[in-house]
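A lone chain, given as structure tokens: the form predicted on its own.
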Amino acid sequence: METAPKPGRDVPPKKDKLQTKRKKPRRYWEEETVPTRDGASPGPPCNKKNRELRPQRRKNAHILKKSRISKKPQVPKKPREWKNPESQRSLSGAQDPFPGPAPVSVEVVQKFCRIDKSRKLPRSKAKTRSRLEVAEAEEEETSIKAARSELLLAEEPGFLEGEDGEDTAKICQADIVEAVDIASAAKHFDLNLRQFGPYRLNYSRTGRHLAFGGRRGHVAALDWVTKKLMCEINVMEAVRDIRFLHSEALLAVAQNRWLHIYDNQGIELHCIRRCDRVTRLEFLPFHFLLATASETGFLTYLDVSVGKIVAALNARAGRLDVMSQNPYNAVIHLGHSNGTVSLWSPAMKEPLAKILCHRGGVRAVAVDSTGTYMATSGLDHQLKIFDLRGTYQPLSTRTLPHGAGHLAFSQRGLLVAGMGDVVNIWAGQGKASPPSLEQPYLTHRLSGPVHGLQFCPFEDVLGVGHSGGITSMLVPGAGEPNFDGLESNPYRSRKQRQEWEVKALLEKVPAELICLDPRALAKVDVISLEQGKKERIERLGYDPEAKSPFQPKPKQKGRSSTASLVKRKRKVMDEEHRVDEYWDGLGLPQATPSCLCLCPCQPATSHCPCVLPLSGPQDKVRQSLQQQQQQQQQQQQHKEVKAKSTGARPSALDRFVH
């Protein structure tokens, strides 16, 4: 065996780590010194002579230093030249003829402004007014920045115009496909699937994936842009509706008996037997709720994030086969056979509102993306547009020859109606305006009766499911041209989708917050606050928030006489009285009102036509407050009567009290 040689005989000893260290660079004021045995060069001498003998260098002098990496000396850097700021405005040195930021039109800024400057607090304090001015200035600056960033939105909505008064409804799909570019023409296609029809279809939130299910059990999902098939199965059971969940990775299928959940590979993940005989599905993306309408008349909310049923509401209107959601406030609209449309929230067991829309049964319901308009069609062959901003009155009505069995709104406010094998599309003046029902925008005839309609998000494409398969139509001006890459990105990767899911779960909105007016969540419920305060007083036996009467502190040197104490008390009472007058000037009531006025321009009066009396717990709170005031007045009168009966002598200090 070979043995390792011992250090000290034939092998030279290893150098110490300190010896292998690189030498420190010599400074220009240091003298060359001979290295010591240890290999370390001594530092510069610290005596006073060496300090005085240091050479003085000029300010602009440059010393050539040796580089640690290469032996070549470093190139001296050029001194920084201070240029005139005016010459930096352009490469040629000419002055900018348009100095300052580019102007922004007032109309564009007004579109992004969210503060109503016409409404101001009357007689507000200086501190409050300064804060309001700062908030308004920040809001104005934010709106200007948003208006400037609108230039980055390069895409513009499409449109279709006829030549010399030509009716656009006479333009067929073949003419549109021939006129557009190759990429847009590829979005028009037909899937011939007569063997398993009729079909229901649904697009994902990003608008990239399409899922459809046939009445005879055929279920498929694909990337319709690249025509790449994700999964295709046959459930051997009737499929009544199909919906994507929060992403394209999960799919909800309403089969003949129960509700099933599949992934994007066609593997069954869940079978929810509490949701049986489902006819329609709707998914609320911001609440992670899957709403189901069944033949038994129940509206069920399923939380897909935890797998629990949030609410099961009995509509008491028979079979439910007409359902739609309001994208603005997540309220579910149900159409019934008696001609009414009811609005539902999982927080209430009764409908939020009921609207009488038709003289016959309701066949279809659709709500636009802004939550302002609702379109309904009934057995009376009428198509109506309703205003959902509190009035619930029909804005326009049109009688159709066969009636519309399916309705859908696009992101830009276009309305489509399926009538047998014909599809009619109506357009309005813009996104926030209702569609005009006088003349159709486009018309197309299919190979079979329509069974499902939906516009593709962020695309000018309308998907139609019928008895012959699936048809993808080109509808110029239907989709939003620009998308939010952080919210709905059609080009996101798998990692980006996973990160978005985590963020969406963290920002999940509770189901209890679904209401007709989401802006009411930011208001203070004064009535409930007073009622809770009253219950707390009854439970404790005293008011913990009651302000104790003012007791002046005793002072020395004769300043604690009775007259001075009364003066100090009187001064505090005057200050409190001025504070009450100030709040009265702001228009804030000091007691609970007995009626509620809906006029924003004037206070509530008894002769106001829009005064609504308060009832229920609000009325009880008002009565209890009145009773407390009456009891205090009776106690004070009782004390005065008792003082007179005892024959108490009047005091000279009474003039300070009265």
Partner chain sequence: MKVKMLSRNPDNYVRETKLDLQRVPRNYDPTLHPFEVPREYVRALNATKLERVFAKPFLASLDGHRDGVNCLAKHPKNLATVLSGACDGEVRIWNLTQRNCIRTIQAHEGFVRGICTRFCGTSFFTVGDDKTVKQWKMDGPGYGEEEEPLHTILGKTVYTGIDHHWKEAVFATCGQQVDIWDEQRTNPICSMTWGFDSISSVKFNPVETFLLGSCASDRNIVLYDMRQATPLKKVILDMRTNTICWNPMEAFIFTAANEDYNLYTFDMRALDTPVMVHMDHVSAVLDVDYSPTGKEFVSASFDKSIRIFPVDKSRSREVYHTKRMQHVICVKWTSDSKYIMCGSDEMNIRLWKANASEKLGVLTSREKAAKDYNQKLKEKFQHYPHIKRIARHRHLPKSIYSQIQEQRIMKEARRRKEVNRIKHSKPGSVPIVSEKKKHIVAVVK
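Quick caveat, the model's predicted, so the values are computed rather than measured. Throughout, rigid core stands for the largest set of C-alpha atoms superposing within 1.5 Å between the two forms. Numbering follows the first chain given and starts at 1.
Although not depicted, the form predicted together with its partner chain is the subject of the following passage.
When you look in the model of the complex, the only residue of Glu487, Asp223, Glu136, Asp190 with a non-hydrogen atom within 4.5 Å of its partner chain is Glu487.
The listed set Gly360, Pro394, Pro157, Gly297 contains one residue whose heavy atoms approach its partner chain in the model of the complex to within 4.5 Å, identified as Pro157. For a residue to qualify, one of its non-hydrogen atoms must sit within 4.5 Å of its partner chain in the model of the complex; all three of Lys111, Glu459 and Glu480 qualify. Heavy atoms within 4.5 Å of its partner chain in the model of the complex belong, among the stretches 171-179, 312-320, 231-239, 385-393, to residues of 171-179. Thr443 falls outside the set of residues with a heavy atom inside 4.5 Å of its partner chain in the model of the complex. Although the partner is absent from this view, Tyr491 contacts its partner chain in the model of the complex, with a non-hydrogen atom inside 4.5 angstroms. Taking non-hydrogen atoms only, Gly532 never approaches its partner chain to within 4.5 angstroms in the model of the complex. Within 4.5 Å of some heavy atom of its partner chain in the model of the complex lies at least one heavy atom of Glu163. Taking a 4.5 Å heavy atom cutoff to its partner chain in the model of the complex, the contacting residues in 493-512 are Ser493, Gln496, Leu506, Glu507, Lys508, Val509, Pro510.
Superposition of the core reveals a Cα shift of 2 Å or more for Ile537 between this form and the one not shown. Relative to the superposed core, Val524 undergoes a Cα shift of 2 Å or more between this form and the one not shown. Relative to the superposed rigid core, Glu501 undergoes a CA displacement smaller than 2 Å between this form and the one not shown. Between Glu535 and Pro346, the C-alpha separation grows by 3 Å or more in the model of the complex, relative to the conformation displayed.
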